[in-house]
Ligand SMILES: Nc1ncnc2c1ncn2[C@@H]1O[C@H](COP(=O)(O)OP(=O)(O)OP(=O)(O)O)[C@@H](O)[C@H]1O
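Only one chain is given next, in structure tokens, and it is the form predicted on its own.
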């Protein structure tokens, strides 16, 4: 089967666009050639013919020229809160099968406030939150400190720093002002959950969706109540001194089951397809809360959370890619 890979590379964007004073993580979501090459290698190992389609205008031009039988989508898109919907929307319009979720799920999930409203309407617990577009809105917030602030529709920990946890109004105002200025979008402010942090890998679609495993992000150098799984932690070359990944979590079966159920309920509420990664954090009392969902999880070997989770449960990177592919093919009946 001819399988086109849709992707966006960091190298596709002009680093000079960062400008003086711009955050250094504006291109954090985009992939490296090594990730695309790894996916292509796995697809070829199954006997498929991988086609490198790229993203944006190039993706559309390549798609019209080559028309693959399936698109394997890892393209983040650019320019709006609907950017992750670009590739599946084009595929849907042209009638070309595509892995991962549809345009609606992609767009709703990227907007963290929209995603929380949807999952909350389905009875999934999530911290109280507000979307802040102007600094003046902070005065009317009726949320309990500590609070957490991050860009409303970014991923890959963009804008998530150690100082994202705000203990008082002064810290909150400073952080929100910075985020509004740096990213040019609204800021999600939510009540900070001071318990343990987990990410949950899920495969499948609808009633057939199933949890593969939860993975706990265990802080080693910071009290759990203060820990932020920040970009500084992820970028730290000595990250093993700061965190440990436990998959499956070293916790009672009942506790893990509750965490996984919150993740699966959120996944189904947002109508995710094929694969997703759900972040869950417990509050101070130990109750798990939905934080956010990524229907387009990063697939960088040895780096992305879902790839690290797969390694820790004894499954290979090839198995991860082929599990996504097989689930999509079963759903599409191809």
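The model shown is predicted, which means the values in this text are computed figures rather than measured ones. Positions refer to the first chain, counted from 1.
The discussion below concerns the form predicted together with this ligand, not included here.
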>> To verify the annotation, which of these, 172, 119, 160, 262, has a non-hydrogen atom within 4.5 Å of this ligand in the predicted complex?
In response: 160
> Quick one: of 156, 82, 213, 205, which gets a non-hydrogen atom within 4.5 angstroms of this ligand in the predicted complex?
Replying inline: 156
> Is this ligand close enough to 191, 234 and 291 in the predicted complex that each of the three has a heavy atom within 4.5 Å of it?
Replying inline: yes
>> Only one of 67-75, 88-96, 144-152, 173-181 has heavy atoms within 4.5 Å of this ligand in the predicted complex; I'd like to know which.
In response: 144-152
> Just to confirm, residue 243 within 4.5 Å of this ligand in the predicted complex by heavy atoms?
Replying inline: no
> Taking heavy atoms and a 4.5 Å cut-off, does residue 112 contact this ligand in the predicted complex?
Replying inline: yes
> Do residue 138 and this ligand come within 4.5 Å of each other in the predicted complex, heavy atoms counted?
Replying inline: no
> Taking heavy atoms and a 4.5 Å cut-off, does residue 219 contact this ligand in the predicted complex?
Replying inline: no
>> Going through 196-214, which residues have a heavy atom within 4.5 Å of this ligand in the predicted complex? Please give them in sequence order.
In response: 197
